[in-house]
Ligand code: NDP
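Only one chain is shown below, in structure tokens, and it's the form predicted alone.
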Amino acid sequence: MAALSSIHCRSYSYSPFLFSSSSSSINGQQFQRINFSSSGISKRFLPAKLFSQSRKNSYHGVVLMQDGAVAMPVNPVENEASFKKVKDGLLSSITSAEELKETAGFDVNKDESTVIITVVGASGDLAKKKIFPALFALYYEDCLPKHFTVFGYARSKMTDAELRNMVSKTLTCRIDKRENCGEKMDQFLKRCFYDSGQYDSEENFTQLDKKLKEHEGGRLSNRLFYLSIPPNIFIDAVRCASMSASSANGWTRVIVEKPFGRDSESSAALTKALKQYLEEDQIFRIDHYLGKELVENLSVLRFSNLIFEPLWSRQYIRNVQLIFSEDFGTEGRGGYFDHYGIIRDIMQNHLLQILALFAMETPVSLDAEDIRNEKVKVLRSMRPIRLEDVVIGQYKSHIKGGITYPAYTDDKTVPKDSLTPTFAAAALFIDNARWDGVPFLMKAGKALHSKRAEIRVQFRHVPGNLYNRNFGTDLDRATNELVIRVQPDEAIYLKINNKVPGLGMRLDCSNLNLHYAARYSKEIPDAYERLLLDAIEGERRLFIRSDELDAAWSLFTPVLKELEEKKIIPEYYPYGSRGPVGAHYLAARYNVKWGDLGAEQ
């Protein structure tokens, strides 16, 4: 994937027809394939004349493949000449751009295709703080297609000018690239429009469709809908968009924000309802953590560096820790958060997705389906989570430095007797040959002492270490550790043992540190920029497939139900502390120390 902090973004050129050839075998007979591709045009929009001629088998021995390719038998002597004859004959069947316009419903002479990104729920916080700024960043870096438009859609009454004023307050330019910033903002805002309507009204979406067509100007139309709305109205919005505002001659895609249900049953029901109106390849389930720079770099670090892949197994790794902490509470999201809790909000999606990427086998290729296949294998290999391997907590009021910090239940939108966890730690295991017996420890919480998200890989002790006596009885001090700090202040560092300069033999634990801010002058793109660009391009590897979602919920649903049915009381911890003591006991049970305890030292 091209770096978004570079102007060298992916190309959006449009070519009506492309031909390529390859060899294949049918029943032992060698055939030469002629592959037809059209940028944005499906087979049903290609001229019928081309396919009718192939079906009539005007060329002896030519076979029309199911994928639209044409195959012809290979004769050693006549191979090249025969191939050219068939190819030239097929090309001649496409008579004119007018025929294509009449057949497909659009004009190939209208330069390039157009993309319209419709933000459904445009007046919400997510749209204002993340989606519109990400779209502007892509525009600023010349990563969006030539003909693109941004539409906001919500129930709030608003004019185009009011939308632009609202959006302009959240737009910023790159720290390292501020030239023409104001000019670029003005150009971007001129491409932003607004339409108000109900999320469950096909009539309102039909009106939206008319406005979209006006901006498409007869070009090949591609439409991306971003559902920045509560999950209880997903289906209504998808139904209306699908029935009344889909593209007639290009692609239509829908980005769905988490939560994807709250257990296996509700998630399956949501998926089933979505698939009444959309195909699986139209649904882009977004988990913004998969768009983080260091998460995407995880597979690069492992698969392109010889020193890591041989160590990536139970033979050398003692435990893996996935840590997420925030130094603030729910702060206005208490009503939403109380319905889900920290396990559903963070662990079941963000941390589990990172775990699957970390632990997967080498995929066949970097193709989206190959990567997601390997992730699903990991999730299906995981041992069911036992209640005794889970610790939950909830933050309480605390006074520090003369400032009183509120308890979770002090939030007016949260019931006073709420048992919803704001902290959770869990031990997970993968029952396969690579990871058998290695504990994967997850920890996530709010109102803790620091804000961080990181992966910590603790390696085994060196057998028969000659320098054990220099470390005393605490062998953990001599443990090599690889730390991938996802946020903030992105970095990758490896802890190694080193001799302190001098005449004596004193050892020290030092870091081999790749600090991104020091190494790279470019500002790291926001995760939403990468994911939006991928959705526009149809790149799915950073989005969640339905069977991935099923496997993830199958892992967590039983323990979530047990926690709620038994009304397990969370362990209370002070706002701004390191969390419940029970998390340390859980780690100690597997002979592990949380690596973030001394991270600030």
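The numbering used is simple: start at 1 and walk along the sequence shown. Just so we're clear, the structure is a prediction, and the values are computed from it rather than from any experiment.
Below, we turn to the form predicted in complex with the ligand, even though it does not appear here.
- Proximity to the ligand in the predicted bound form, defined as a heavy atom within 4.5 Å, singles out one entry of 440, 234, 405, 284, which is 234.
- Though the ligand is absent from this view, in the predicted bound form it lies within 4.5 Å of a heavy atom of just one residue from 259, 335, 384, 217, which is 259.
- For the chain shown alone, residue 230 is a contact residue for the ligand in the predicted bound form, at least one non-hydrogen atom being within 4.5 angstroms.
- Although the partner is absent from this view, residue 528 contacts the ligand in the predicted bound form, with a non-hydrogen atom inside 4.5 angstroms.
- Interface residue remark: residue 461 is not counted as part of the site for the ligand in the predicted bound form, having no heavy atom within 4.5 Å.
- Residue contact check for residue 125: one or more of its heavy atoms lie within 4.5 Å of the ligand in the predicted bound form.
- In short, of 408-416, 502-510, 147-155, 516-524 it is 147-155 that has heavy atoms within 4.5 Å of the ligand in the predicted bound form.
- The partner is not shown here, and in the predicted bound form the stretch 400-438 never reaches within 4.5 angstroms of the ligand through any heavy atom.
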